[in-house]
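Starting off, we have a lone chain in the form predicted alone, written out as structure tokens.
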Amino acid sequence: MMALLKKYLFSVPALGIALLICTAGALFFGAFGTGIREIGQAFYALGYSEEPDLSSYLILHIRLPRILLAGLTGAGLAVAGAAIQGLFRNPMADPSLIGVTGGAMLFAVGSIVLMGALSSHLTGFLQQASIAVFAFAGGLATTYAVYFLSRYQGRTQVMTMLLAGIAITALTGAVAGFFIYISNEQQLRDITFWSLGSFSGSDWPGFLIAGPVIIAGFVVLIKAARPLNALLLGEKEAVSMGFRVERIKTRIILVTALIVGVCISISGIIGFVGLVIPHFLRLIRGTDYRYLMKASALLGAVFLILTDTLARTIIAPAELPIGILTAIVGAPFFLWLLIRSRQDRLTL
């Protein structure tokens, strides 16, 4: 009975309904509470050209784009995590293994410190935009380096990629540490807040830039569900089934780096989403990636919308960095996975 209940509660339609409910419900919560009347008036005012009142502006131009970006980011990180776990055939893998997180962190920290000399010539918007652009470029650059190091005789060696990712992540962490060491007090606060993740700078231009990229990445990775199912049997078996394994691996790596780079550029570092969400669903419904990719996107969006709502209300009017909350949930879950896997090996 419990297994059947879990099956329906975490089905794709049920998760879609949960996402709609969470998106609508998140509009009510924040430092300034809003009711049904204010939300109705805000959407009703969309059809008019008059300047919106304070409540409508808060709902339509601050809270709504933030909720949508949180949902997109959660979906993007979760789908990327599911794809990486399938590629490495390891349920404890996440996108940081291919270096994208470390590269984004390094370039973002570098831009915060180096742009300090130009701060008097840049507006606040341009400073924030430069951090996002550098973070995105850094994620792609390190991913390309890891991919290049793992290629040999026209083939991508997954184990070499894993080791190269670990090495480059350590290197980028060391260089980022140097930038942190030479930063001043204001830059250190900016680095700390960015490295813990936040959607406080969300707006419609950011949504219109990031949204199409993340959605296009979804489409590509969801289409990779059948090849990922085949890869569970091994690369030789996948080739014998007619899949072009090398092309599939390249596509997954590049699209994953693109999605994660965009997500990090708009929200900073948010950990454990790509690890926890797909693994949790795998425990409930198994490893069929035709289900896992879609469900990971929906549950990842629900999780990050709920977490962001909590982050902006738990100590209102101040805001808690969302990375702290995701780590509070994700780290114990990861430890539980380690203990569980050790117990499984002992019983074999």
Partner chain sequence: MKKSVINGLIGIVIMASVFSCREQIGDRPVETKPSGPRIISLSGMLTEVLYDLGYGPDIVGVDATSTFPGSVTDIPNLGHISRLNAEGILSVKPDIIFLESAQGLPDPVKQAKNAGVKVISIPATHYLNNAVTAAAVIAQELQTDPGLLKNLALTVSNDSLRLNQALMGMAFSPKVLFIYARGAGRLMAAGKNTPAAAIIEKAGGQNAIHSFEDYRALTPESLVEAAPDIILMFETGLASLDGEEGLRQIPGIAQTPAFKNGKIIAMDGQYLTAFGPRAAKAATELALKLRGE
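Positions refer to the first chain, counted from 1. Not measured: the values here are computed from a predicted model.
Keep in mind that the form predicted in complex with its partner chain is missing from the display, and what follows is about it.
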Identify, from the list Leu335, Leu9, Ile328, Ala24, the residue with a heavy atom within 4.5 Å of its partner chain in the predicted bound form.
Ala24
Each of Phe88, Ala170 and Ala176 having a non-hydrogen atom within 4.5 Å of its partner chain in the predicted bound form: is that the case here?
no
Heavy atoms within 4.5 Å of its partner chain in the predicted bound form: which stretch among 272 to 280, 138 to 146, 177 to 185, 245 to 253?
177 to 185
I'd like to know if Pro317 sits close to its partner chain in the predicted bound form, meaning any non-hydrogen atom pair within 4.5 angstroms.
yes
Any non-hydrogen atom of Ile36 within 4.5 angstroms of its partner chain in the predicted bound form:
yes
Would Arg189 count as a contact of its partner chain in the predicted bound form, using a 4.5 angstroms cut-off between non-hydrogen atoms?
yes
Answer with yes or no whether Gly71 is in contact with its partner chain in the predicted bound form, where contact means some heavy atom within 4.5 Å.
yes
Partner contacts for 269 to 303, taking its partner chain in the predicted bound form and a 4.5 Å heavy atom cut-off:
Leu298, Ala301
